[in-house]
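Shown below, as C-alpha coordinates, is a lone chain in the form predicted alone; questions about how it binds or moves come after it.
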Amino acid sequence: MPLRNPITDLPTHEVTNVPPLLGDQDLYAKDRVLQEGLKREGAGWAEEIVAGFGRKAGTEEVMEWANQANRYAPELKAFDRNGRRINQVTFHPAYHNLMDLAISNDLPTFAWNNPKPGNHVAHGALSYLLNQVEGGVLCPMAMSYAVLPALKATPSIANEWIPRLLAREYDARDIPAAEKKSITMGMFMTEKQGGSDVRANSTRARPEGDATGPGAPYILSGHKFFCSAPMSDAFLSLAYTESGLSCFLLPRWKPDGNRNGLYIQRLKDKLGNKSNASSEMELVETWGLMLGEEGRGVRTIIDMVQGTRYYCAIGSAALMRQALVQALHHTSHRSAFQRKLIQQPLMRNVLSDLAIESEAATTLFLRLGRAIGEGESDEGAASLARLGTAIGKYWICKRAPGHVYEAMECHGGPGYIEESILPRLYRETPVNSIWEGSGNVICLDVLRALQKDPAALPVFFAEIELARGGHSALDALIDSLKSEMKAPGDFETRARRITEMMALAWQGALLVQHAPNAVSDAFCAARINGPWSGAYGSLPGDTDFAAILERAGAEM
(Lines give C-alpha, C1' and ligand atoms only; values in the text may rest on other atoms or scores of the structure.)
Protein backbone atom coordinates (compact mmCIF):
# COMPACT_ATOMS: atom_id res chain seq x y z
CA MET A 1 0.00 0.00 0.00
CA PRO A 2 1.58 3.36 -1.04
CA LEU A 3 2.47 5.81 1.67
CA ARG A 4 0.27 8.85 2.00
CA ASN A 5 1.89 12.21 1.20
CA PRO A 6 1.07 14.53 4.12
CA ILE A 7 1.39 17.63 1.92
CA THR A 8 -0.38 16.83 -1.34
CA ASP A 9 -2.87 14.36 0.05
CA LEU A 10 -4.51 16.64 2.58
CA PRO A 11 -8.25 15.97 2.52
CA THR A 12 -9.00 19.65 1.83
CA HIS A 13 -6.23 20.20 -0.74
CA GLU A 14 -7.83 19.46 -4.08
CA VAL A 15 -6.73 21.89 -6.81
CA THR A 16 -9.56 22.61 -9.24
CA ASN A 17 -10.63 25.53 -11.42
CA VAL A 18 -7.11 26.95 -11.42
CA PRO A 19 -5.45 27.95 -14.72
CA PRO A 20 -2.44 25.87 -15.77
CA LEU A 21 0.97 27.51 -15.76
CA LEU A 22 1.43 29.50 -18.93
CA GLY A 23 4.88 28.01 -19.54
CA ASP A 24 6.86 28.84 -22.67
CA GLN A 25 5.35 31.61 -24.77
CA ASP A 26 6.00 32.13 -28.46
CA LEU A 27 5.83 35.88 -28.21
CA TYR A 28 5.86 36.47 -31.97
CA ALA A 29 3.69 33.63 -33.27
CA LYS A 30 0.81 34.57 -30.96
CA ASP A 31 0.96 38.32 -31.77
CA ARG A 32 -0.96 38.90 -34.99
CA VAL A 33 -0.75 42.68 -34.66
CA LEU A 34 3.04 42.57 -34.50
CA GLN A 35 3.25 40.18 -37.44
CA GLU A 36 1.09 42.37 -39.65
CA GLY A 37 2.78 45.59 -38.59
CA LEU A 38 6.29 44.29 -39.11
CA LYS A 39 5.52 43.53 -42.75
CA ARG A 40 3.35 46.60 -43.36
CA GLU A 41 5.99 49.03 -42.07
CA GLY A 42 8.75 47.63 -44.26
CA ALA A 43 10.53 45.11 -42.03
CA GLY A 44 9.21 41.87 -43.47
CA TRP A 45 12.80 40.96 -44.37
CA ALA A 46 13.50 40.62 -40.61
CA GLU A 47 10.56 38.36 -39.80
CA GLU A 48 12.60 35.20 -39.36
CA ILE A 49 14.97 37.01 -36.98
CA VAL A 50 12.17 38.57 -34.96
CA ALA A 51 10.20 35.32 -34.85
CA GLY A 52 13.24 33.37 -33.67
CA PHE A 53 13.88 35.86 -30.90
CA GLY A 54 10.22 35.75 -29.89
CA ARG A 55 10.59 32.02 -29.26
CA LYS A 56 13.77 32.54 -27.21
CA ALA A 57 12.59 35.47 -25.13
CA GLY A 58 9.29 33.89 -24.13
CA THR A 59 10.64 30.71 -22.63
CA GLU A 60 9.94 29.89 -19.02
CA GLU A 61 13.70 29.90 -18.39
CA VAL A 62 14.04 33.52 -19.51
CA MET A 63 10.94 34.46 -17.52
CA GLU A 64 12.62 33.00 -14.45
CA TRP A 65 15.79 34.98 -15.15
CA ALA A 66 13.64 38.12 -15.11
CA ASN A 67 12.02 37.09 -11.84
CA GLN A 68 15.39 36.48 -10.18
CA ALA A 69 17.01 39.63 -11.56
CA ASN A 70 14.23 41.67 -9.99
CA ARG A 71 14.02 39.72 -6.74
CA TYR A 72 17.78 40.00 -6.12
CA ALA A 73 18.45 43.65 -6.84
CA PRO A 74 21.85 45.14 -7.76
CA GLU A 75 24.16 46.10 -4.91
CA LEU A 76 26.73 48.87 -4.71
CA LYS A 77 30.32 47.76 -4.25
CA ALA A 78 32.07 51.07 -3.76
CA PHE A 79 35.35 49.61 -2.46
CA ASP A 80 37.37 46.46 -2.97
CA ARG A 81 38.46 44.34 0.00
CA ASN A 82 41.65 46.40 0.38
CA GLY A 83 39.78 49.69 0.60
CA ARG A 84 40.38 50.93 -2.93
CA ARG A 85 37.51 52.89 -4.46
CA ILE A 86 36.22 50.88 -7.45
CA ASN A 87 32.66 52.21 -7.93
CA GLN A 88 31.19 48.94 -9.08
CA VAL A 89 27.72 47.44 -8.97
CA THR A 90 27.20 43.70 -8.53
CA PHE A 91 24.28 41.95 -10.23
CA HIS A 92 22.61 38.59 -9.84
CA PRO A 93 23.76 36.10 -12.53
CA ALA A 94 20.26 36.18 -14.02
CA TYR A 95 20.78 39.83 -14.95
CA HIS A 96 23.92 38.94 -16.87
CA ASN A 97 22.03 36.13 -18.61
CA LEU A 98 19.46 38.66 -19.78
CA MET A 99 22.12 41.12 -20.90
CA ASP A 100 23.85 38.36 -22.83
CA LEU A 101 20.54 37.37 -24.46
CA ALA A 102 19.92 40.97 -25.50
CA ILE A 103 23.37 41.83 -26.85
CA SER A 104 23.98 38.51 -28.59
CA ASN A 105 20.70 39.08 -30.43
CA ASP A 106 21.71 42.64 -31.36
CA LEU A 107 18.97 44.41 -29.40
CA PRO A 108 20.92 47.62 -28.77
CA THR A 109 22.23 48.08 -32.32
CA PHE A 110 20.10 46.06 -34.74
CA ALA A 111 19.01 49.18 -36.63
CA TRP A 112 22.59 50.36 -37.06
CA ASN A 113 23.92 46.93 -38.05
CA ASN A 114 21.17 46.62 -40.69
CA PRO A 115 21.03 49.94 -42.58
CA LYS A 116 18.03 49.24 -44.80
CA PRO A 117 14.36 50.28 -44.93
CA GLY A 118 12.42 49.05 -41.93
CA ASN A 119 15.51 48.65 -39.73
CA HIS A 120 14.12 50.74 -36.87
CA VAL A 121 10.79 48.91 -37.13
CA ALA A 122 12.50 45.54 -36.70
CA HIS A 123 14.67 47.01 -33.96
CA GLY A 124 11.56 48.17 -32.11
CA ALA A 125 9.95 44.76 -32.55
CA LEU A 126 12.90 42.97 -30.97
CA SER A 127 12.89 45.36 -28.03
CA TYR A 128 9.12 44.97 -27.66
CA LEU A 129 9.52 41.20 -27.33
CA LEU A 130 12.14 41.34 -24.57
CA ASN A 131 10.33 44.17 -22.80
CA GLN A 132 7.40 41.81 -22.25
CA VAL A 133 9.71 39.68 -20.14
CA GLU A 134 11.95 42.21 -18.41
CA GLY A 135 12.19 45.98 -18.70
CA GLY A 136 15.25 46.65 -16.56
CA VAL A 137 17.85 45.38 -19.01
CA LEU A 138 16.22 47.45 -21.74
CA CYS A 139 17.51 50.64 -20.10
CA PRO A 140 21.15 50.04 -21.15
CA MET A 141 19.86 48.69 -24.48
CA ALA A 142 17.89 51.89 -25.08
CA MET A 143 20.79 54.17 -24.29
CA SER A 144 23.25 52.14 -26.34
CA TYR A 145 20.85 52.34 -29.30
CA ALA A 146 20.09 56.02 -28.92
CA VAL A 147 23.65 57.24 -28.41
CA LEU A 148 24.88 56.58 -31.95
CA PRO A 149 23.35 59.67 -33.63
CA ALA A 150 24.79 61.85 -30.86
CA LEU A 151 28.26 60.33 -31.20
CA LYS A 152 28.30 61.24 -34.89
CA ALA A 153 28.38 64.92 -33.89
CA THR A 154 32.16 64.51 -33.46
CA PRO A 155 33.72 62.11 -36.01
CA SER A 156 36.91 61.48 -34.03
CA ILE A 157 34.83 60.20 -31.10
CA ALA A 158 32.41 58.31 -33.33
CA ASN A 159 35.21 56.47 -35.14
CA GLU A 160 36.63 55.22 -31.84
CA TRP A 161 33.46 54.34 -29.93
CA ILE A 162 30.82 53.25 -32.45
CA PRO A 163 32.60 50.04 -33.57
CA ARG A 164 32.72 48.92 -29.93
CA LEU A 165 28.98 49.48 -29.57
CA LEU A 166 28.15 47.49 -32.68
CA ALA A 167 29.77 44.28 -31.40
CA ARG A 168 27.46 41.43 -30.38
CA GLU A 169 29.32 39.59 -27.62
CA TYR A 170 28.37 40.57 -24.08
CA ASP A 171 31.33 41.54 -21.92
CA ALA A 172 30.51 42.37 -18.28
CA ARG A 173 34.09 43.05 -17.21
CA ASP A 174 34.93 46.41 -15.62
CA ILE A 175 38.02 47.14 -17.70
CA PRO A 176 38.97 49.85 -20.22
CA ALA A 177 36.64 49.90 -23.22
CA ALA A 178 39.47 49.32 -25.69
CA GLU A 179 40.11 45.92 -24.10
CA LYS A 180 36.48 44.71 -24.17
CA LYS A 181 34.62 42.55 -26.70
CA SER A 182 31.66 44.94 -26.65
CA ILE A 183 30.45 47.92 -24.66
CA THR A 184 27.28 49.66 -23.53
CA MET A 185 26.78 53.39 -23.05
CA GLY A 186 24.54 55.49 -20.85
CA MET A 187 23.80 59.09 -20.05
CA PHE A 188 23.02 61.29 -17.09
CA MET A 189 21.77 64.85 -17.36
CA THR A 190 19.57 65.71 -14.40
CA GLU A 191 20.66 67.27 -11.13
CA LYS A 192 18.83 67.70 -7.82
CA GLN A 193 18.05 71.36 -8.29
CA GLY A 194 16.83 71.18 -11.88
CA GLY A 195 15.40 67.82 -12.91
CA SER A 196 14.09 68.22 -16.45
CA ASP A 197 15.26 71.85 -16.45
CA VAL A 198 18.82 70.94 -17.41
CA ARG A 199 19.77 74.59 -17.83
CA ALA A 200 19.62 74.80 -14.04
CA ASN A 201 22.54 72.36 -13.84
CA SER A 202 25.65 73.40 -11.93
CA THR A 203 28.23 70.86 -13.18
CA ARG A 204 31.26 72.65 -14.63
CA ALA A 205 33.87 71.68 -17.21
CA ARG A 206 37.28 73.21 -17.86
CA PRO A 207 39.76 72.37 -20.62
CA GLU A 208 42.43 69.88 -19.58
CA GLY A 209 45.03 71.65 -21.70
CA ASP A 210 45.20 74.27 -24.40
CA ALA A 211 42.84 72.51 -26.80
CA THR A 212 39.14 73.37 -26.66
CA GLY A 213 36.01 72.52 -28.60
CA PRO A 214 34.72 69.28 -30.13
CA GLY A 215 36.91 66.26 -29.37
CA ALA A 216 39.10 68.13 -26.86
CA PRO A 217 39.64 66.76 -23.32
CA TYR A 218 37.96 68.50 -20.38
CA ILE A 219 37.80 68.01 -16.62
CA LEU A 220 34.32 67.97 -15.06
CA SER A 221 33.14 68.50 -11.49
CA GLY A 222 29.56 68.22 -10.23
CA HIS A 223 26.79 65.88 -9.12
CA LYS A 224 24.19 63.99 -11.15
CA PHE A 225 21.03 62.85 -9.40
CA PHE A 226 19.98 60.04 -11.75
CA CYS A 227 22.44 57.77 -13.50
CA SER A 228 20.84 54.53 -14.65
CA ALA A 229 22.97 51.57 -15.71
CA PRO A 230 26.06 52.98 -13.95
CA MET A 231 28.15 49.99 -15.06
CA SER A 232 28.04 51.24 -18.65
CA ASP A 233 31.44 51.74 -20.23
CA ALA A 234 30.90 55.41 -21.03
CA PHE A 235 28.28 58.10 -20.55
CA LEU A 236 27.07 61.29 -22.16
CA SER A 237 26.60 64.15 -19.74
CA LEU A 238 26.05 67.90 -19.71
CA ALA A 239 28.22 70.52 -18.07
CA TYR A 240 28.78 74.24 -18.35
CA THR A 241 31.86 75.72 -19.99
CA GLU A 242 32.50 79.43 -20.45
CA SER A 243 30.45 79.24 -23.66
CA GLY A 244 27.42 77.53 -22.15
CA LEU A 245 25.92 74.10 -21.57
CA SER A 246 27.94 71.51 -23.48
CA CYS A 247 27.90 67.74 -23.97
CA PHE A 248 30.73 65.40 -22.97
CA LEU A 249 31.60 61.73 -23.30
CA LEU A 250 32.85 60.33 -19.99
CA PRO A 251 34.47 56.87 -20.07
CA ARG A 252 34.67 54.70 -16.93
CA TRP A 253 38.41 54.40 -17.51
CA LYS A 254 40.78 57.19 -18.56
CA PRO A 255 43.21 56.79 -21.47
CA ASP A 256 46.09 56.35 -19.01
CA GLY A 257 44.49 53.14 -17.69
CA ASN A 258 43.26 54.59 -14.40
CA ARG A 259 39.66 54.68 -13.24
CA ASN A 260 37.86 57.89 -14.09
CA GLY A 261 36.45 60.17 -11.41
CA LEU A 262 32.94 58.73 -11.52
CA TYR A 263 31.97 58.15 -7.90
CA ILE A 264 28.71 56.25 -7.29
CA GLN A 265 27.20 57.73 -4.15
CA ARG A 266 24.26 55.38 -3.69
CA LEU A 267 21.78 53.25 -5.60
CA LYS A 268 18.19 54.44 -5.81
CA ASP A 269 15.49 52.34 -4.11
CA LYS A 270 12.89 52.56 -6.89
CA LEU A 271 9.24 51.60 -7.17
CA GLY A 272 10.03 49.21 -10.02
CA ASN A 273 12.68 48.60 -12.66
CA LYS A 274 14.44 46.72 -9.87
CA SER A 275 16.90 44.72 -11.96
CA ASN A 276 18.39 47.92 -13.37
CA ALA A 277 20.73 49.87 -11.12
CA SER A 278 20.03 53.60 -10.91
CA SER A 279 22.45 55.74 -8.98
CA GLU A 280 23.62 59.16 -7.94
CA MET A 281 26.97 60.02 -9.44
CA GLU A 282 29.56 62.46 -8.15
CA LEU A 283 31.95 63.84 -10.76
CA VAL A 284 35.32 64.55 -9.16
CA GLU A 285 37.98 65.74 -11.60
CA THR A 286 36.28 63.55 -14.19
CA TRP A 287 37.99 63.26 -17.56
CA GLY A 288 35.87 63.60 -20.67
CA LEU A 289 35.80 64.62 -24.31
CA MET A 290 33.59 67.38 -25.65
CA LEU A 291 30.96 65.96 -27.98
CA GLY A 292 29.44 68.35 -30.50
CA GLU A 293 29.76 72.12 -30.49
CA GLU A 294 30.61 73.99 -27.31
CA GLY A 295 27.54 75.62 -25.80
CA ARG A 296 25.24 73.38 -27.88
CA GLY A 297 25.07 70.45 -25.49
CA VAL A 298 21.29 70.19 -25.38
CA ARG A 299 21.13 70.11 -29.17
CA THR A 300 23.74 67.33 -29.21
CA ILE A 301 22.19 65.13 -26.56
CA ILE A 302 18.60 65.61 -27.77
CA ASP A 303 19.36 63.23 -30.63
CA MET A 304 19.96 60.59 -27.97
CA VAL A 305 16.81 61.53 -26.07
CA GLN A 306 14.76 61.03 -29.25
CA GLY A 307 15.88 57.40 -29.34
CA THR A 308 15.32 56.69 -25.66
CA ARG A 309 11.82 58.18 -25.87
CA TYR A 310 11.07 55.77 -28.71
CA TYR A 311 12.12 52.98 -26.36
CA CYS A 312 9.74 54.30 -23.69
CA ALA A 313 6.81 53.96 -26.09
CA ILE A 314 7.96 50.47 -27.12
CA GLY A 315 8.37 49.39 -23.51
CA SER A 316 4.90 50.52 -22.50
CA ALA A 317 3.31 48.82 -25.50
CA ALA A 318 5.15 45.64 -24.53
CA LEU A 319 3.92 45.77 -20.95
CA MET A 320 0.36 46.15 -22.22
CA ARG A 321 0.75 43.17 -24.52
CA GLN A 322 2.11 40.85 -21.84
CA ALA A 323 -0.53 41.99 -19.34
CA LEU A 324 -3.19 41.21 -21.95
CA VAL A 325 -1.67 37.77 -22.62
CA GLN A 326 -1.75 36.98 -18.92
CA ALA A 327 -5.36 38.16 -18.55
CA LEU A 328 -6.53 36.17 -21.56
CA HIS A 329 -4.85 33.03 -20.27
CA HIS A 330 -6.33 33.34 -16.79
CA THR A 331 -9.86 34.12 -17.90
CA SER A 332 -9.83 31.36 -20.52
CA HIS A 333 -9.24 28.73 -17.81
CA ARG A 334 -11.02 30.12 -14.77
CA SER A 335 -14.76 29.58 -14.27
CA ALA A 336 -17.27 31.50 -12.18
CA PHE A 337 -21.06 31.20 -12.08
CA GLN A 338 -21.05 28.14 -14.38
CA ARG A 339 -19.10 29.82 -17.20
CA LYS A 340 -15.50 30.58 -18.08
CA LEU A 341 -14.63 34.14 -17.12
CA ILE A 342 -13.90 34.97 -20.75
CA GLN A 343 -17.47 33.94 -21.61
CA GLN A 344 -18.98 36.39 -19.12
CA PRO A 345 -20.37 39.40 -21.06
CA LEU A 346 -18.80 42.11 -18.94
CA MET A 347 -15.43 40.37 -18.77
CA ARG A 348 -15.49 40.04 -22.58
CA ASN A 349 -16.02 43.79 -22.75
CA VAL A 350 -13.07 44.47 -20.44
CA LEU A 351 -10.74 42.07 -22.25
CA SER A 352 -11.74 43.42 -25.67
CA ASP A 353 -11.10 46.96 -24.47
CA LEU A 354 -7.67 45.93 -23.22
CA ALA A 355 -7.01 44.26 -26.56
CA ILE A 356 -7.82 47.30 -28.70
CA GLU A 357 -5.66 49.52 -26.46
CA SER A 358 -2.76 47.11 -26.84
CA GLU A 359 -3.24 46.97 -30.61
CA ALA A 360 -3.37 50.75 -30.89
CA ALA A 361 -0.13 51.11 -28.92
CA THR A 362 1.72 48.45 -30.94
CA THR A 363 0.49 49.81 -34.27
CA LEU A 364 1.61 53.33 -33.36
CA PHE A 365 5.12 52.43 -32.24
CA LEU A 366 5.68 50.35 -35.39
CA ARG A 367 4.57 53.26 -37.60
CA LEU A 368 6.81 55.55 -35.59
CA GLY A 369 9.74 53.21 -36.22
CA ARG A 370 9.21 53.56 -39.97
CA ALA A 371 9.15 57.35 -39.68
CA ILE A 372 12.40 57.30 -37.69
CA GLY A 373 14.10 55.21 -40.36
CA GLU A 374 12.75 57.21 -43.28
CA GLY A 375 13.64 60.42 -41.47
CA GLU A 376 17.33 59.73 -42.02
CA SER A 377 16.90 60.72 -45.68
CA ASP A 378 13.47 62.39 -45.90
CA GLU A 379 12.73 65.72 -44.22
CA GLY A 380 8.98 65.15 -44.04
CA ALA A 381 9.44 61.80 -42.32
CA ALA A 382 11.96 63.40 -39.97
CA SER A 383 9.38 66.00 -38.98
CA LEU A 384 6.81 63.29 -38.35
CA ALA A 385 9.31 61.27 -36.33
CA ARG A 386 10.31 64.23 -34.18
CA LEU A 387 6.71 65.19 -33.40
CA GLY A 388 5.42 61.62 -33.34
CA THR A 389 8.01 60.38 -30.86
CA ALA A 390 6.79 62.92 -28.31
CA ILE A 391 3.13 62.08 -29.01
CA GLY A 392 3.74 58.33 -28.76
CA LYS A 393 5.93 58.62 -25.69
CA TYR A 394 3.31 60.65 -23.87
CA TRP A 395 0.18 58.72 -24.77
CA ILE A 396 1.29 55.09 -24.84
CA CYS A 397 3.20 55.50 -21.59
CA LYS A 398 0.31 57.35 -19.98
CA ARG A 399 -2.15 54.57 -20.84
CA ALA A 400 0.02 51.68 -19.67
CA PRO A 401 -0.40 51.79 -15.85
CA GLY A 402 -4.20 51.66 -15.97
CA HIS A 403 -4.07 48.97 -18.62
CA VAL A 404 -1.81 46.68 -16.61
CA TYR A 405 -3.81 47.32 -13.44
CA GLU A 406 -7.03 46.32 -15.23
CA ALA A 407 -5.36 43.13 -16.45
CA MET A 408 -4.33 42.43 -12.86
CA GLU A 409 -7.90 42.92 -11.72
CA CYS A 410 -9.03 40.31 -14.26
CA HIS A 411 -7.11 37.79 -12.13
CA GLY A 412 -8.63 38.83 -8.83
CA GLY A 413 -6.48 38.05 -5.80
CA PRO A 414 -3.97 35.77 -7.58
CA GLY A 415 -2.92 38.67 -9.80
CA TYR A 416 -1.96 40.71 -6.74
CA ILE A 417 0.50 38.11 -5.50
CA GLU A 418 4.20 38.50 -6.21
CA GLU A 419 4.44 35.00 -7.71
CA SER A 420 2.31 36.39 -10.50
CA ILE A 421 4.11 38.47 -13.12
CA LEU A 422 1.43 41.18 -12.87
CA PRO A 423 2.85 43.10 -9.86
CA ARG A 424 6.21 43.37 -11.60
CA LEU A 425 4.63 44.53 -14.85
CA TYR A 426 2.54 47.06 -12.93
CA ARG A 427 5.54 48.50 -11.08
CA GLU A 428 7.42 48.77 -14.34
CA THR A 429 4.83 50.93 -16.09
CA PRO A 430 5.39 54.35 -14.45
CA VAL A 431 9.09 54.54 -15.30
CA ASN A 432 8.46 54.87 -19.04
CA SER A 433 6.17 57.84 -18.44
CA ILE A 434 8.59 59.56 -16.04
CA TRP A 435 11.96 58.68 -17.59
CA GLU A 436 13.15 60.98 -20.40
CA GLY A 437 10.56 63.61 -19.58
CA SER A 438 7.34 63.23 -17.61
CA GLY A 439 3.93 64.12 -19.01
CA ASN A 440 4.07 67.91 -18.89
CA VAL A 441 7.59 68.03 -20.29
CA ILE A 442 6.63 65.81 -23.22
CA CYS A 443 3.46 67.75 -24.03
CA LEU A 444 5.42 70.99 -24.02
CA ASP A 445 7.90 69.28 -26.32
CA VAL A 446 5.03 68.55 -28.70
CA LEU A 447 4.28 72.28 -28.79
CA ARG A 448 7.98 73.06 -29.29
CA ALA A 449 8.13 70.69 -32.23
CA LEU A 450 5.10 72.38 -33.79
CA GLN A 451 6.54 75.85 -33.25
CA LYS A 452 10.10 75.15 -34.40
CA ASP A 453 9.29 72.99 -37.41
CA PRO A 454 6.74 74.56 -39.80
CA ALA A 455 6.48 71.23 -41.65
CA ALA A 456 5.50 69.19 -38.60
CA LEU A 457 1.79 69.97 -38.41
CA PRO A 458 1.11 69.69 -42.17
CA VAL A 459 2.94 66.36 -42.27
CA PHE A 460 0.97 65.10 -39.29
CA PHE A 461 -2.38 66.12 -40.77
CA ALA A 462 -1.42 64.54 -44.09
CA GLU A 463 -0.74 61.34 -42.17
CA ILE A 464 -4.10 61.17 -40.41
CA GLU A 465 -6.06 62.45 -43.42
CA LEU A 466 -5.20 59.17 -45.12
CA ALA A 467 -7.98 57.64 -43.04
CA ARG A 468 -10.57 60.30 -43.92
CA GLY A 469 -13.92 58.68 -44.65
CA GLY A 470 -13.11 55.51 -42.75
CA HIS A 471 -15.17 56.39 -39.67
CA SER A 472 -17.37 59.41 -39.02
CA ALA A 473 -16.13 59.85 -35.44
CA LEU A 474 -12.53 59.96 -36.62
CA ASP A 475 -13.41 62.50 -39.31
CA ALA A 476 -15.05 64.68 -36.66
CA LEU A 477 -11.98 64.39 -34.38
CA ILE A 478 -9.67 65.45 -37.18
CA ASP A 479 -11.83 68.50 -37.83
CA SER A 480 -11.94 69.32 -34.11
CA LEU A 481 -8.17 69.00 -33.86
CA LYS A 482 -7.71 71.44 -36.74
CA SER A 483 -10.00 73.91 -34.97
CA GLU A 484 -8.15 73.37 -31.70
CA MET A 485 -4.84 74.22 -33.36
CA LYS A 486 -6.29 77.50 -34.66
CA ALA A 487 -8.01 78.48 -31.40
CA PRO A 488 -6.63 81.52 -29.60
CA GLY A 489 -5.45 81.20 -26.04
CA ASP A 490 -2.65 79.73 -24.02
CA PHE A 491 -1.23 76.73 -25.87
CA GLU A 492 0.70 75.61 -22.80
CA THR A 493 -2.45 75.29 -20.72
CA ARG A 494 -4.01 73.17 -23.47
CA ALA A 495 -0.88 71.14 -24.22
CA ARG A 496 -2.19 67.88 -22.75
CA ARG A 497 -5.54 68.20 -24.49
CA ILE A 498 -3.85 68.86 -27.83
CA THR A 499 -1.41 65.97 -27.40
CA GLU A 500 -4.17 63.57 -26.42
CA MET A 501 -6.27 64.57 -29.41
CA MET A 502 -3.31 64.08 -31.73
CA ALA A 503 -2.54 60.67 -30.23
CA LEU A 504 -6.12 59.43 -30.51
CA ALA A 505 -6.45 60.76 -34.04
CA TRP A 506 -3.24 59.05 -35.12
CA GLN A 507 -4.09 55.74 -33.46
CA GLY A 508 -7.61 55.90 -34.84
CA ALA A 509 -6.33 56.66 -38.34
CA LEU A 510 -3.89 53.75 -38.25
CA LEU A 511 -6.52 51.32 -37.02
CA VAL A 512 -9.10 52.48 -39.55
CA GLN A 513 -6.58 51.86 -42.32
CA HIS A 514 -5.00 48.64 -41.14
CA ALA A 515 -7.04 46.84 -38.47
CA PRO A 516 -10.21 44.77 -38.94
CA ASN A 517 -13.45 46.73 -38.68
CA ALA A 518 -14.24 45.08 -35.34
CA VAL A 519 -11.13 46.69 -33.83
CA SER A 520 -11.26 50.10 -35.50
CA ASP A 521 -15.01 50.53 -34.97
CA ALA A 522 -14.67 49.66 -31.27
CA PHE A 523 -11.73 52.02 -30.86
CA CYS A 524 -13.47 54.94 -32.55
CA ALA A 525 -16.73 54.31 -30.72
CA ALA A 526 -15.13 54.06 -27.29
CA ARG A 527 -12.23 56.52 -27.51
CA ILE A 528 -13.47 59.19 -29.91
CA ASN A 529 -17.26 59.21 -30.25
CA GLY A 530 -18.90 60.69 -27.21
CA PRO A 531 -17.90 60.76 -23.53
CA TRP A 532 -15.02 58.51 -22.49
CA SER A 533 -13.93 57.96 -18.89
CA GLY A 534 -10.60 56.38 -19.77
CA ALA A 535 -11.54 53.21 -17.88
CA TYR A 536 -11.76 49.81 -19.56
CA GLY A 537 -14.87 47.76 -20.22
CA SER A 538 -17.23 50.39 -21.63
CA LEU A 539 -17.28 49.33 -25.27
CA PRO A 540 -20.70 49.58 -26.98
CA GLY A 541 -22.96 46.55 -26.76
CA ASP A 542 -22.84 45.91 -30.51
CA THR A 543 -19.05 45.44 -30.46
CA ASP A 544 -17.82 42.24 -32.11
CA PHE A 545 -16.14 40.95 -28.96
CA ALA A 546 -15.48 37.48 -30.36
CA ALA A 547 -13.53 38.84 -33.34
CA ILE A 548 -11.45 41.16 -31.15
CA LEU A 549 -10.58 38.46 -28.62
CA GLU A 550 -9.76 35.89 -31.29
CA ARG A 551 -7.41 38.38 -32.94
CA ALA A 552 -5.73 39.05 -29.59
CA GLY A 553 -4.98 35.34 -29.16
CA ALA A 554 -7.70 34.29 -26.71
CA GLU A 555 -8.40 30.60 -26.23
CA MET A 556 -12.11 30.62 -26.94
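Just so it is clear, the model here is predicted, and its values are computed rather than measured. Start at 1 with the first residue shown and count on from there.
If you look for the form predicted together with a small molecule, you will not find it shown, but the lines that follow are about it.
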Handout entry: Contact residue in the predicted complex, from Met189, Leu250, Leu151, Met281 (heavy atom within 4.5 Å of the small molecule)
Key = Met189
Practice task
Could you tell me which one of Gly261, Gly415, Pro214, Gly437 places a heavy atom within 4.5 Å of the small molecule in the predicted complex?
Solution key: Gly437
Handout entry: Contact label in the predicted complex: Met485 to the small molecule, heavy atom within 4.5 Å
Key = no
Exercise for the section: Using a 4.5 Å heavy atom cut-off, state whether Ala177 contacts the small molecule in the predicted complex. Expected result: no
Practice task
Report yes if any heavy atom of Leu447 sits within 4.5 Å of a heavy atom of the small molecule in the predicted complex; otherwise report no.
Solution key: no
Practice task
Considering only heavy atoms, tell me if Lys270 and the small molecule come within 4.5 Å of each other in the predicted complex.
Solution key: yes
Exercise for the section: Spot the stretch among 339-347, 117-125, 191-199, 323-331 with residues whose non-hydrogen atoms come within 4.5 Å of the small molecule in the predicted complex. Expected result: 191-199
